[in-house]
Every structure is written in C-alpha cells, then in structure tokens.
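Provided below as structure tokens are two forms of one protein chain, presented individually as structure 1 and structure 2.
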Structure 1
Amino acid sequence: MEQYDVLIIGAGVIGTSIARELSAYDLKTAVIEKEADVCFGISSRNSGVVHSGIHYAPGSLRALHAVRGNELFEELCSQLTVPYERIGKLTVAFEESQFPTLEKLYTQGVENGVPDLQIIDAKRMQELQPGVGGARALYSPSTGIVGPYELTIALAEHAHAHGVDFIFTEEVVSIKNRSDLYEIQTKKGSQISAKIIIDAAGLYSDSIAHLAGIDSPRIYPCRGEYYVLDKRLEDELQLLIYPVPGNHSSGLGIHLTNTVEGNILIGPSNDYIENKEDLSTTVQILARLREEGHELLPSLTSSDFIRSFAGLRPKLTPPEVGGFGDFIIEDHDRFILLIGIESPGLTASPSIAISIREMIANHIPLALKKDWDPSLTREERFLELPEDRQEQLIAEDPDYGSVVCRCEGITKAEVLQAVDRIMGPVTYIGIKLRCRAMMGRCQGGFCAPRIAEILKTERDITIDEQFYKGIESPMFEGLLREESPHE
C-alpha cells in the first residue's frame, strides 16, 4: 500500500493550490482525482474573476481569503506564466434607491481591507466604459480576471515538477481512520494510506466527509449557465460591470464578463438543481441569456454565440434560504474538510492553500526544500511571438509552421506539447484546456479531425483509444474499414 504524508482528494483549483503550496516542503504528497485530468470539476466552469472582496461579511472566511487571495494573484500568475489582468470592476446602481447598497458595499469593502475603492459618478463611469448605463457605481480597481484552467493546470504541473504525485481516474469510495493513519480505498480497488487527508472534492466534499464518518453539512448544487461570445467583440468591454445585487439573490446577477482570452461571457444564471452531474444548459435560460446579451451588447449577432456551458456552485444554503453560506475549513483529527467553496473560491485559492499548510504544520513539522523554485516558465503562443523568435523555433521544430487550429492559430508543435503535458490519459478536453485548440469560433469543426490524425500518426493513439473527456467517452465509433494491408 502506497503511503503518503498528505493525500489531497480532488484536483480542482483548491486541491492543486494546496498541492503546490506543499510541494515546497519535505513531504510526501499525492492528489487523487476521480476524473481523467485536473480541472474537470467546478474549476474550469466559472467566470474566472479574481474578486476584490467587497461582497462578503466582515470577519467571514470568504472575506479573509478573497482579499488575501486577490493580493497574492499578481505574483502567483507571473510565477506560473498564467494569463491574468487586473482590469477593475464597476458595481452599478441604476436608481437612487440602490445608492445605500453601494454605500454598504463600500464600507464593507473598506472594512475587509479592499484597496483603492471609490464611489464614482456617471461622468467618471463613462470615462472608464463609454456607453455604460447607471447613475453611480462602486469602482474596485483590484478586481481582475484569470484563466481558471490555465491556473489550475499550471499549479498541478508545478507541484508535479516538485515531487507531488497525481493519481487520475481513481474515485475514493472508502476512508478508514486507523489511529495515526487514514486508509483509503478506491472504486477500482487501489489502496492508499496517508497521515493527513485534505477533502478538496468540490461538489462532493460532503460525501467524502461522510465516508470518513464526519458529520458535515450537505451540498446543494446550484447551476450557472453561460454563453461564450466570439472574440470579435473583445473591445466592447473595458472592465467588469455588475449590477448592484438584489436582496436575496444567491448569484451576482447575469452580466457580461471579460475573459483573459478576449471572449466575453454572458451569465451565469442561478438555479438549484438535484443532480451534481447535470451540466446541461436549458432552452429557457439560454433564451434569457440571449435576450440580456442583445440588450447589453447591441452589435451582437447570432453567430457571435460560439458555445454555451454550465457550472455548478457547491452551496451550503438550501434553495428555500438562498444567498450565500461561508466557506467551512476545519481540521477534524487530521482530516481537513473544505466545504462550500463556491465563489470566490478561485480568488481565495492561494490564500486557502496557506491556511491549510499552517493546519498541517500542527501535525507534521514542515521543512522547506532547498531547491524549490517558485516559477514555471512556458513559451508564449507561437503566432504571438516576435518574428525572429518564430524563425528560431521553426528552424528547431518545423511543426511550428503547421497550423492545426485555425481559429485560435495553434500549431502542430503546440498541440503535441499539450498532449505530452497531460499527466493522466490523453483526452480531447485535456488538449483543449492546455493549448486552446478546438476552443475557437468553429469549436473544433476544423481541427478535431486533424488532431485525430496527429494522435494516430505521431503518438500511436488509435482511433478507438481517442476519448473526449475520459475512458467512458469515446470520440468515434471506430475505423470504417480495416487499415491493415495484410488482409
């Protein structure tokens, strides 16, 4: 039985942030994940906003970790070469009756330690975003945007480079506390033991806690549906613009969100559902999102909608209550429970990781590794490099000249690097999240067949072994006819 000091359950942004934090210390750490890859849960299905911290009650864990997390983001993203921009946000009041809410958010933000907050008038609003509606706004310059899956993947790769093991397609189904060791069993029958368990299982952290016999509150999945818009509209939005939240809403209201890639998002909606696997988008919500999109962006056309998707919030507040609960982060005798890590979980992740490391230090003495290097460098996208660098790279590897994904301009060399960076089984989603091929306006119509061919000829992955998101998810039926020449 493999034995670890720390076993992290869940390879979302929370699990991988903790893994990277721990990778700096002399510890034997592993991350175990039921899906085929990192970031297949909530962490790739959100708005990607690095919140400032104005929305959370003073003294709450959400306030603490959002503000401290926000402060850490700039350095973290530059260390890991992850796209991040501090673009700022306007929380807009449309009528006088909403002004007190703005004031309240301002005072709350100041109390939470959010830097540089200002209440601004319509004239200043127009300077920041020409054409914006509304009478008054709270301006939070520290609000930013980040590539959520780029971040999660980079955290995992960095942790892995510093000795953290990653175990994929293994679902934890049993946890036994044997005095000073936890024994874990997976659905496939693997056994692992660890001194400390970190429950970072997102939507499922309640079930994991129950496996360990811990009486945790229950998680209510709450769905947010989005549209992704064509990059053509990138320049329409200079910064984030949110309406002032209403009294009982448990989301922040449908709005437009810039992404680091230049695609604007419309969403998210806010609907409690039953099933934690149900990532469907629905006729009703999509119609509403389209309507609001056309209102907010008059130049929108129907071909600008390139994709819709949904994410699930792991809520602790039941549907009849709504609103937000606070994060729960507790140490139950070396079983560290993280539950209800909904928004601003992404923002909070670097700060939460520090707190978890401090909790672990209560059980195991921690010694810093001498050779730990905080940085993970990565080549920029080929087509965005200066021409002399392009010439150099193309001379080293001719595959840089062959464009596979025409919409995002991704070359064969970059696709192959993405394939080789995947730690678990190769999947199309894994490739997509690592190099953006198939993520553009044609959504893989052009490049998916080409990627099928590249996997086959360059990496010996036959058509039957090509999967979309895991081994239950075959891309194709198979070859039409036998390709063996010997028949």
Structure 2
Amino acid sequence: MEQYDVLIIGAGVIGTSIARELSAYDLKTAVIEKEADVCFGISSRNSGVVHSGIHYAPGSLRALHAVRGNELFEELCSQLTVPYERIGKLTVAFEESQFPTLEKLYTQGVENGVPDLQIIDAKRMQELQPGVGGARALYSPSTGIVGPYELTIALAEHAHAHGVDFIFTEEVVSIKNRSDLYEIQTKKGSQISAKIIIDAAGLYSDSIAHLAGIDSPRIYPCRGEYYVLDKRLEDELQLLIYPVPGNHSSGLGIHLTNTVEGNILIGPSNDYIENKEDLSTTVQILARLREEGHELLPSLTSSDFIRSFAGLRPKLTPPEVGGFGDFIIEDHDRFILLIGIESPGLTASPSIAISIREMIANHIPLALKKDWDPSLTREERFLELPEDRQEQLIAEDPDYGSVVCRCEGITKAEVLQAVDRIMGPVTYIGIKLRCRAMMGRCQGGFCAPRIAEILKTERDITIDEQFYKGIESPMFEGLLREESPHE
C-alpha cells in the first residue's frame, strides 16, 4: 500500500493549487482524480474571471479568499507563465430601481477591501466601453481574466515537477480512519494511505466526506450554459460587462466576458439540475443567451455564435432558497473538507491553498525545500512569436512549419508538445486544453483527423487507443470501409 503524508482528492484548480503550495515543503504528496487528466471537471467550464470581491458578504470566507486571491493572481500567473489580464468590470444598472443594489455592492466591496471602486454615470460608461447599454455602473478596475484550464494545468505541472504524484482514472470508493492514518480504496481496487486527506472533489465533495463518515452538507448541482463568440469581436469589448444581480439569483446574471484567448463568452444561465454529470445545453436557454447578448452588445450577428457549452456549480443552497452559501473549509481530525467552493473559487484558489497549508502545519511539521523554484517556464504559442523567432524554430524543427489547426494557428510541433505534457492517458480533450487545437471556429472539423494521424505515426497510439475524454469514450468507433491490402 502506497503511503503519503497528504492525499488530495480532486485535480481541479483548488486541488492543484493546494498541490503546488505543498510542493514547496518536504512532504510526500499525491493528487488522486477519477478522470483521465487534470481540469476535466468544473475548473475548465467557467468564465475565467478573477473577481474583485464586491459580491460577497463582509466577513465571509468567500470575501476573504476572493480579495486575497485577486491580490495574489498577477504574481502567480507570472511565475507559471500563464496569460492573465487585469481589465476591469462594469456592473450595469439599466433602470433607476437597480441603483440601490449598485450602492450596496459598492459599500460591500469597500468593506471587503476591494481597491479603486467607482460608481459612474452613462457618459463615463461610454468612455470605458463604447456602445454599452445601461444608466449607471459600478466600475471595479481590479477584476481580471485568466485561462482557467491553462492555470490548472500549469499548477499541476509545477507541482509534479517538484515531487507531487498524480494518480488518474482512480475513483475513491472507501475511506477508513485508522487512528494515525486514513486508508483509501479505489473502484479499481488500489489501496493508498495518508496521514491527511484534502477533500477538493468539487461537485462530489459531499460524497467523499460521507465516505469518511463526516456529516457534510449536500451539494446541489447548478448548470450554467454559455455561448462562445467568434474572435471577430475581440476588440469590441474593452472590459467585462455584468448586469446588476437579482436578490435571489443563483449566479451573477448573464454577462459578457472577455477571454485571454480573444473570444467573448455570453452566459452563464443558472438552473438547478439533478445529475452532476449533465453538461448538456438547451434550445430555450441558448435562445435567451442570444437575446440578452444582443442587449449588452448590439453589434452581435448570428454568425458570431460559434459554440455552446455548460458548466456546473457545486451549490450549498437548495433551489427553493437560491443565492449563495459561504465556502466551508474545515479540519475534521486530519480530513480537511472543502465544500461549496463555487464562484469565486477560481479567484480564491491561491488564497485557499495558503489556508490549507496552514491547517496541515497543525498536524505535520513543514520544512521548506531548499531547491524549490516558484517559476515554470513554458513555450509561447508559435503564432504569437516574432517572425524571426518563428523562422528560427522552423529551421530547427520543420514540424513548426506544419499547421495542424488552421483556426487557431496551431502547429504540429505544438500538438506533439501537448501530447508529451499530458501526465495521464492521452486524450483529445487533454491535447485541446494544452494547445488550443480544436478550439477554433470549425471545432476540430479540420484538425481532429490530422491529430489522429499524428498520434498514430509520431507516438504509436493506434486509432483504437485514441480517446476523447477517457478510456470509456473512444474517439473513433468502427470503420467506414475495410482497408485494402494495397493501402
């Protein structure tokens, strides 16, 4: 039985943030994940917004970790070579009846320590974002955007480079407290023990807690649907635009969000569902997203909508209550429970990681590694490099001269680099999240067959061994025709 000091359950942004924080210390740490890779759950299906902290009740864990997390983000992303932009946000009131809510958000934000907040009139709004609707807005300059999957993957890669083990496709089904050790068994029969367990299982954190005999609150999955807009509109939106939220809303309202890649997102909706795996989108909600998107950004055309997707929130408040519950972060005899870490979980992740490290120090003496380096160097995207550097790379490696994904300008060399970075089973989603192939307007129609051939010829991964998300989702099924012996 493999034994660890700390076992983290869940490889989303919270789990990998904690793993990276702990990798600086002389601990034997592992992350166990039921999926085939990091960031296959809710961490890859959100707006990628680094929130300022205006929306959360003063004194709450959500407020504390959002504001401190926001302050930590710029240095963290610089260290990990992850794209991050502090672009600011307008929370827009469209009518006078919403002005009191705007004032409440301003007062709340000031009390939480959010810097440089301003309530501005329509004229100033137009200066910041020409064409925006609304009568008044709360301007929060500290709001930013980040690539959520790029960050999660970078955190995992940095942690792994500093000694953290990652165990994929292993679902925890049993947790026993044996005095000084927890014993974990997986669905496959693997057995692992650890002095401390961190429950960072997101939507399933309640189920994991129950396995350990902890009476945790129930998680209610809440689905948010999004539209992805074409990069044609990249320069249309100068900052984030949110509506004033309703009093009992389960989210922050449908809004326009820039991404670090240049697309704009419209969403999310907020609908409680029963199934924690249901990531479907619906005709009715997508129609509403189109309508509200046009209201916020009148220049939208039908051809600008290139893709839809959905994410899930692990809410602690039931449908009849709505709104938000506070984060729960508790130490239950060396079982550290993190539950209800919905928005602003991404923003809060570096701050939460520090708090978890402090909790662990109450049980295990922590000694810093002398050789720990906070930085992680990664190659820039080929398309973003200066022309002379591109020519140099092509001369050194002709695969840089072969474009695989036309929409995003991704080269064969970058696809191969993405494959080699995957720490678990190679999947198309894993490749997509690492290099952006298959994320453009054609959504893989052009590049997916080329990636299949690259995996087969360059990495000896046969068609039967190529998976979309994991071993239960083969990328290809059957043959259109039998191969000729002369082919």
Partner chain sequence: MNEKINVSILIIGAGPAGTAAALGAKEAGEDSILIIDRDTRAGGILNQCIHDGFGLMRYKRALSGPEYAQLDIDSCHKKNIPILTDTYVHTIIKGDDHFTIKAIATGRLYSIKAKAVILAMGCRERTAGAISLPGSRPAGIYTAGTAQRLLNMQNTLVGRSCVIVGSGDIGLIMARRMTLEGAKVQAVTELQSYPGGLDRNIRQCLDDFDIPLYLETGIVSVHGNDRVCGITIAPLRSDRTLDMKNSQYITCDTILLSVGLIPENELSRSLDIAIDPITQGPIVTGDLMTSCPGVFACGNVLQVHDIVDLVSEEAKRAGRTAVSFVSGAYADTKELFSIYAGEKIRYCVPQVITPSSTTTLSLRVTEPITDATISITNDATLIKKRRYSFTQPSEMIQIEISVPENLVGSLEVNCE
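The first residue in the sequence of structure 1 is number 1, and each one after it adds one. Heads up, when I say rigid core I mean the largest set of C-alphas that superpose within 1.5 Å between the two forms. Computed from a prediction, not measured in an experiment: that's the story for all the values here.
Structures 1 and 2, same chain in two forms; the form predicted together with the partner chain is found in structure 1. Relative to the superposed rigid core, residue 147 undergoes a CA displacement smaller than 2 Å between the two structures. Relative to the superposed rigid core, the position of the CA of residue 221 differs between the two structures by less than 2 Å. For residue 88, a C-alpha deviation below 2 angstroms is recorded between the two structures after rigid-core alignment. At residue 293, the distance the Cα travels between the two structures is 2.4 Å after the core is superposed.
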